[in-house]
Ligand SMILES: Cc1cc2nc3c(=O)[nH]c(=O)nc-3n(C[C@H](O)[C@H](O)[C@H](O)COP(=O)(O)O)c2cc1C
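Here we start with a single chain on its own, the form predicted alone, put down as structure tokens.
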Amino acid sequence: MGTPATLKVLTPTRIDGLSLRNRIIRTAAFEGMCRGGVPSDALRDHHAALAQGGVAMTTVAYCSVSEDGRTYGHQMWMREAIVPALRGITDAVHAGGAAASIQLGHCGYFASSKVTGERPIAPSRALNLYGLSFSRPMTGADMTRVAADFARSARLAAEAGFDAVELHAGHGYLLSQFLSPFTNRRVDEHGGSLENRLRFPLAVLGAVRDSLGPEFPVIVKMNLEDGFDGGLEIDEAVQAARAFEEGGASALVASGGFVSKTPFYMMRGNVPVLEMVKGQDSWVRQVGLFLFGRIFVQTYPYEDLFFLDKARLVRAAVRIPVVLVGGVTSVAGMERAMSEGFELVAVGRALVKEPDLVARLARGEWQASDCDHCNRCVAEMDRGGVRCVCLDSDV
């Protein structure tokens, strides 16, 4: 295993022009701390604690590039009015010695018209179960506008002091919807072949790269597979990874799953349906989730490094850094990722429970998380903000 002084995961690295003090980052996972779409003091304190706890970089999630890209009212959307609050977050993270990244995305067809006041947009017409509506296929003008929104949001992120941006092209969000043959049924130059399905995501990447310059880290979070028949599979994911590299991505986060179809594919473990029911903001959603949650929300057994087998195929296909995410919960797992050639690892639930685990690892006081993957922290995102309920004295 080695001592802290010999662990590669604790050695410095770089993403383009950004130096990182080690190779452990807080993955972009929704915090639920932006009531009214505005970053809160709780969000600042959450990421400040992670910085003080030793992570190399912490990622603020999820920030929509426009008001119409949200599913919930407590999702942030980028605009000049929130730059001072975001600057408060980056200042606090930098004071703790870490870098700060922000995840930029758009919900596409599962944006809620009740939240946005508009009909959702998507590559193709699709049923939106979150808002019980149908999306409309995007026009060329829509694509031009959304690409510009990504670029504008990236510039504002840099103005707010973020050291990197992460473009969300996975998990069934809008860019992922273009990549997936399940949601992209277009018959024009943006549909059909993978080359066509990549056209809009690459246009967004290019617009962001142009807005930030060649040295600013632009990370792309992408799917290794969607997790269901008819979705994106690993062979096309490898080709997409190469295309993102050629399109100017600084690094890739290799994840998987589709929020609207396989939401726990990206986490694994227990599905806390009853806790999730309590967090819904309407009785219709509560009843629907209670009655059908265990039918439509599949359970996937947890195992350490559950994306490793497919992620190593992406790692072998590109030269830019690849971040391993999914079941990274121990020193042994982190070091295995390093030995497999991954430059960084991304950690989620273990850092929710133990925000200081990296500092403890550096002192030789931490070997593995005791997180049991109950996933009740997921339900807390809709109940005031993500937290580990196992730390409550009465649990």
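The numbering used is simple: start at 1 and walk along the sequence shown. Since this is a predicted model, take the numbers as computed values, not measurements.
A second form of this protein, the form predicted together with this ligand, is not displayed here; the remarks below concern that form.
> Tell me which of 362 to 370, 59 to 67, 41 to 49, 335 to 343 has residues with heavy atoms within 4.5 angstroms of this ligand in the predicted complex?
Careful reading of the contacts points to 59 to 67.
> In the predicted complex, does residue 197 have a heavy atom within 4.5 Å of this ligand?
Judged by the heavy-atom cut-off of 4.5 Å, residue 197 is well away from this ligand in the predicted complex.
> According to a 4.5 angstroms non-hydrogen atom cut-off, is residue 176 in contact with this ligand in the predicted complex?
No, no contact at 4.5 Å.
> Contact with this ligand in the predicted complex for residue 135, defined as at least one heavy atom pair within 4.5 Å: yes or no?
Answer no; every heavy atom of residue 135 is more than 4.5 Å from this ligand in the predicted complex.
> With heavy atoms only and a cut-off of 4.5 Å, decide whether residue 237 touches this ligand in the predicted complex.
Taking the distances in the predicted complex, the answer for residue 237 is no, it never comes within 4.5 Å of this ligand.
> So this ligand isn't shown here. In the predicted complex, which residue out of 250, 71, 90, 103 has a non-hydrogen atom within 4.5 Å of it?
Filtering the options by heavy-atom distance leaves 103.
> Note that this ligand is not shown here; using its position in the predicted complex, name the residues of 241 to 263 with a heavy atom within 4.5 Å of it, in sequence order.
Read in sequence order, the lone residue that approaches this ligand (within 4.5 Å, in the predicted complex) is 255.
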